[in-house]
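Next up: a single chain in structure tokens, the form predicted alone.
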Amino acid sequence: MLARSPVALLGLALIAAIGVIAVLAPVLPLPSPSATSILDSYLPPSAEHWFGTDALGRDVLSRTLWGARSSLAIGLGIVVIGMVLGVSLGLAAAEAAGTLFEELAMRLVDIFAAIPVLIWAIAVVGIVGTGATQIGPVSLSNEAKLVLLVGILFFPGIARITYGLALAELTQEYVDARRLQGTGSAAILFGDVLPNILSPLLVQASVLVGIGIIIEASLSFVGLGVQPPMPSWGSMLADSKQTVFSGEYWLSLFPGLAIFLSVIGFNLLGDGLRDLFDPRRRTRLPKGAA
């Protein structure tokens, strides 16, 4: 199916390339991303250090590749949490249309949606703080806590989309037929309605992964995301802000380019999937591709 959309293929190729790099980072013949050498600080890109070195002499290429692991894992984890919570709430609210539960659920969604996710993320993570958190017998690492907190903040938008799609789907005649057959609400919602509205949700999820990467980079940039010594594209950009006007262009160029390519890859994939799944847009595909 993706072969019919060059845009989706391009996005998928970018995501696959970055994903392979992230997976292979530990086995590639590169210096440790945390290995320092003050004598090698601020070396420009060369045959020995392809992306140069930073203020502590750390290899920027190694840190960029290892940063892909953090950014992709957190971006994907955020969307998984948001999708599970948002889809569940959206389906439940649609099924309970006209009840107090629907009213309360949608008002809760409106409250969260009134403030941008990044603002919520900075406020919530700032209040909770960085570092590992102990919740009863469970210890959450800083990265796991970040995924959980920001993932919860993603659910309102997904819930609103799911609610609208499911509400329209529940008016279809096949749903009435299923109810007459004695099928329970949960079976109808997850066995019939959800598969029929999954396509636009996947498109939204693809775009949200790119947004999740930006949010993770933003939090790391202000010191609330991935903590040293683990590399992150956002923290690398934060480290480079003191050298913006002193000529060490490589310190901001490569992590910034990595963020750009990752986000554009997921956005292109989302646009391509939207063209494939939306019948009204299929005419825009190349002639003969359908």
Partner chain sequence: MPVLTRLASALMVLLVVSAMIFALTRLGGVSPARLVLGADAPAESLATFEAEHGLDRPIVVQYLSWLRALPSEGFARSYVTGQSVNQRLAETLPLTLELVTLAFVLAVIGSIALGSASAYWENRWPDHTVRVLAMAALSVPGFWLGLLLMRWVGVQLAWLPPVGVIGWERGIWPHVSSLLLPALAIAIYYIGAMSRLMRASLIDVLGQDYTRTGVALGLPARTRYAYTLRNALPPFVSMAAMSYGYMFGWAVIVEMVFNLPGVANALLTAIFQRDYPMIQAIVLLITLVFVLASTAADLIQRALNPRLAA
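Residue numbers count along the first chain shown, from 1. Just so we're on the same page, rigid core means the largest C-alpha set that superposes within 1.5 Å between forms. Computed from a predicted structure; not experimentally measured.
Missing here is the form predicted together with the partner chain; even so, the following discussion is about that form.
Of the listed positions (L43, A35, L30, L237), a single one reaches within 4.5 angstroms of the partner chain by any non-hydrogen atom in the model of the complex, namely L237.
The single contact residue among M230, L61, L253, A55, judged by any heavy atom lying within 4.5 Å of the partner chain in the model of the complex, is L253.
Annotated contacts: P116, I122 and L257 all touch the partner chain in the model of the complex [non-hydrogen atom within 4.5 angstroms].
With the partner chain left out of view, the stretch that reaches within 4.5 Å of it through heavy atoms in the model of the complex is, among 64-72, 237-245, 45-53, 22-30, 237-245.
Among heavy atoms of N142, none comes within 4.5 Å of the partner chain in the model of the complex.
The closest non-hydrogen atom of S218 lies within 4.5 Å of the partner chain in the model of the complex. When contacts are judged by a 4.5 Å heavy atom cut-off, I111 counts as touching the partner chain in the model of the complex. Though the partner is left out of this view, I211 does reach within 4.5 Å of the partner chain in the model of the complex, counting heavy atoms only. Scanning 19-44 for heavy atoms within 4.5 Å of the partner chain in the model of the complex gives no residues at all. Fitting the two forms on the rigid core leaves the C-alpha of A114 displaced by at least 2 angstroms between this form and the one not shown.
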